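Here we start with a single chain on its own, the form predicted on its own, put down as structure tokens.
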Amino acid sequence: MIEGRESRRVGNDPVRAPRISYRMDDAPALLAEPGTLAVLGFGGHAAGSDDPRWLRVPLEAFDAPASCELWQVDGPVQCGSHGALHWSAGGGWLFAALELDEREHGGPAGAARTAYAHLRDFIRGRDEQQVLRIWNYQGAINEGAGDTERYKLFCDGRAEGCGDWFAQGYPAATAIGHHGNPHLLQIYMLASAHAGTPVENPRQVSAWRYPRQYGRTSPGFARAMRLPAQDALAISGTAAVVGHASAHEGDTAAQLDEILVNLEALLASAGMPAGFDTHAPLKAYVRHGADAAHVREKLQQRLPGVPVLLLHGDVCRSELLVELDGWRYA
């Protein structure tokens, strides 16, 4: 649990960032805790719940049993469903999640277009209209060649579904390939009643400015988002990309080193303290199971005490072998 952080004020309202922690408790126990906004379980063996605040993420954890990810806010939480969309809200924060079968929407582009249009329309009816952080998990993300690669089709559909939704600035985001049902698209997000501050990495070209070689539609996300309270940074999926090019092809260790350099540059750009601590939960997405032990060992050496969920997931570029995302609290 993350405790002892002071609230900041946005307008006349006291705001404190959601508290994100990894816990070994079961879903019912976590859902019963005060202020629980969401509980995420990982992999097919994660025990389920009918509560709209519960979400099973289709990424298997390399460490068993896997921790759950707990989001908590100050104040009471309400929750419900809006068609296929499940949501919860409290303390000025909103969690929303949506799962679609691509076969019912004409493929990756159609599913992404439908999902983002649904989320956009739902959010516009809420007080919490400022989208700060999004996670996208897509089956077989690198399947297909050229512009028909599934991730590139997802980017096409996402842009169509968003329309002018993010005309004032993109949220932080992650896009990772899962190894579950290849037709499943899962998206979940964090939104607020107050705007955050997008953050870019000076070592990297902004994603929406990528050249044509990466697809017809550039990915739409910020490298990170400083939350409205200014006491937390939501970090997007960060890989071994320098400028716009992938670095260290085929070398997992070198890619991980480059990622850690990128993360430090991002913290500096956000005005956050250098380094990560025991209250800075991270996820590491590893493409090949054979690399998991090495990634775990290297992260334990470089980031001692930092809680890391090690997950089996494919990075959106086939040559990239590992990616990190997570949170940093001031």
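One-based numbering along the sequence shown. Not measured: the values here are computed from a predicted model.
One more form of this protein should be noted, the form predicted in complex with 3-(2-carboxyethyl)benzoic acid (3EB), which is absent from this view; the next part is about it.
- Checking G177, G237, P228, G157 against 3-(2-carboxyethyl)benzoic acid (3EB) in the predicted complex, a heavy atom within 4.5 Å turns up for just one residue: G237.
- The chain is drawn here without 3-(2-carboxyethyl)benzoic acid (3EB); in the predicted complex, the stretch among 193-201, 121-129, 168-176, 67-75 whose residues come within 4.5 Å of it by any heavy atom is 168-176.
- Contact annotation: P219 falls within 4.5 Å of 3-(2-carboxyethyl)benzoic acid (3EB) in the predicted complex, judged by heavy atom distances.
- Residue contact check for L321: none of its heavy atoms lie within 4.5 Å of 3-(2-carboxyethyl)benzoic acid (3EB) in the predicted complex.
- Though the partner is left out of this view, R223 does reach within 4.5 Å of 3-(2-carboxyethyl)benzoic acid (3EB) in the predicted complex, counting heavy atoms only.
- Interface residue remark: C316 is counted as part of the site for 3-(2-carboxyethyl)benzoic acid (3EB) in the predicted complex, having a heavy atom within 4.5 Å.
- Heavy atoms of no residue among F42, F62 and Q138 are located within 4.5 Å of 3-(2-carboxyethyl)benzoic acid (3EB) in the predicted complex.
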